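Take a look at this one chain, the form predicted alone, written out in structure tokens.
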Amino acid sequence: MKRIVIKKPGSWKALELETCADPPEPKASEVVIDTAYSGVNFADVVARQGLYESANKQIGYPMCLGFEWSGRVAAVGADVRDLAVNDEVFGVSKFGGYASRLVLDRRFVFKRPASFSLAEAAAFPVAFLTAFYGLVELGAAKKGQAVLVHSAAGGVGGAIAQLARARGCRVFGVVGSEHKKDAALRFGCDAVSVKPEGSRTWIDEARAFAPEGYAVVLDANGAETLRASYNLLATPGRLVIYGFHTMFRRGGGRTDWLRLAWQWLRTPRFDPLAMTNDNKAVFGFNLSYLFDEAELLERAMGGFLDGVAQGQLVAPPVVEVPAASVGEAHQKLESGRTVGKVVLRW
């Protein structure tokens, strides 16, 4: 089999495609997958640079990245009765998804929806699980409430917009460039503001859309927008943070330590006494720590697949890159110009 590893933190050149021994035979509750596609997420970029704490804690080096994939069943363990060889499947992995063959617990494997290609299936689970946990579990968004989502044309942002629309919310999206606006509207935003880096006109447009404030704001930008996101909340309101993308220079490849330090210094610190008086809450989470929550995974994915079957949810648009060109995939993601998701083709 082949897999992509990094042996030490670095730029795109740190990603190496290597040949290694096939994984062992599956245990009773496991499934062997011949991978067709691996999803690429911004967390992979952060981990490649050595800055993703959960990766450093859980796997170390050499490090095989990747949280999601699609492919075909190659073998099943003795206790797996509902999958057969050659079934087309997709799912999640707690790292290690950048590989041509996987062995995973049955709980992490799901049958491919008929309306999805294998490429689309590989781009689906991480974005929608992140969106579900932020919008529903933490944000508790309800019908009729106003929701603001940053990066609304991206994988997670687009998933948030779709889930919010399905829940009957009023959705305001923010995107970084004009060419992303139509995609955010297709995902379910009722209105979209274009926010070039450093611009603050989006704030006035967001206030005009929901003068009463937002019940939930979902923000993965970091220092650039967090304070404004908090100020746009209704009372009560909930700010959900799931990333700090603006800490990283677009298209940089390598870690820009000066930018990281400056963005860290600019990051707002929310005072619990002030939050109590404001009747506002701030949440943060990292999906990689939630992969062992079997009940949450089963409940969320079951709801997603029902939504797909009913036509309420669609896969994000995908850009395919050969696995051997994984550095190109990371470059595309870091550029900030992509819409939807990037996937590696094996």
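Note that residue numbering follows the sequence shown and begins at 1. Every value quoted in this text rests on a predicted model; they were computed, and no experiment measured them.
The discussion below concerns the form predicted in complex with a small molecule, not included here.
**Student:** Which one, Gly237, Gly188, Gly71, Gly176, lies within 4.5 Å of the small molecule in the predicted bound form by heavy atoms?
**Tutor:** Answer to the contact question: Gly176.
**Student:** Looking at Val171, Leu102, Val156, Val216, which is the one with a non-hydrogen atom within 4.5 Å of the small molecule in the predicted bound form?
**Tutor:** Comparing distances to the small molecule in the predicted bound form, the residue within 4.5 Å is Val156.
**Student:** Heavy atom to heavy atom, is Phe248 within 4.5 Å of the small molecule in the predicted bound form?
**Tutor:** Answer yes; at least one heavy atom of Phe248 falls within 4.5 Å of the small molecule in the predicted bound form.
**Student:** So in the predicted bound form, is the small molecule close enough to Gln162 to count as touching (4.5 Å, heavy atoms)?
**Tutor:** No, Gln162 stays farther than 4.5 Å from the small molecule in the predicted bound form.
**Student:** Does any heavy atom of Asn56 come within 4.5 Å of a heavy atom of the small molecule in the predicted bound form?
**Tutor:** Asn56 lies outside the contact set for the small molecule.
**Student:** Heavy atoms within 4.5 Å of the small molecule in the predicted bound form: does Val126 have any?
**Tutor:** Val126 belongs to the contact set for the small molecule.
**Student:** Counting only non-hydrogen atoms and a 4.5 Å threshold, tell me whether Thr130, Leu287 and Gly336 all contact the small molecule in the predicted bound form.
**Tutor:** Yes: each residue has a heavy atom within 4.5 Å of the partner.
**Student:** Out of 86-94, 205-213, 238-246, 102-110, where are the residues with a heavy atom within 4.5 Å of the small molecule in the predicted bound form?
**Tutor:** It is the stretch 238-246.
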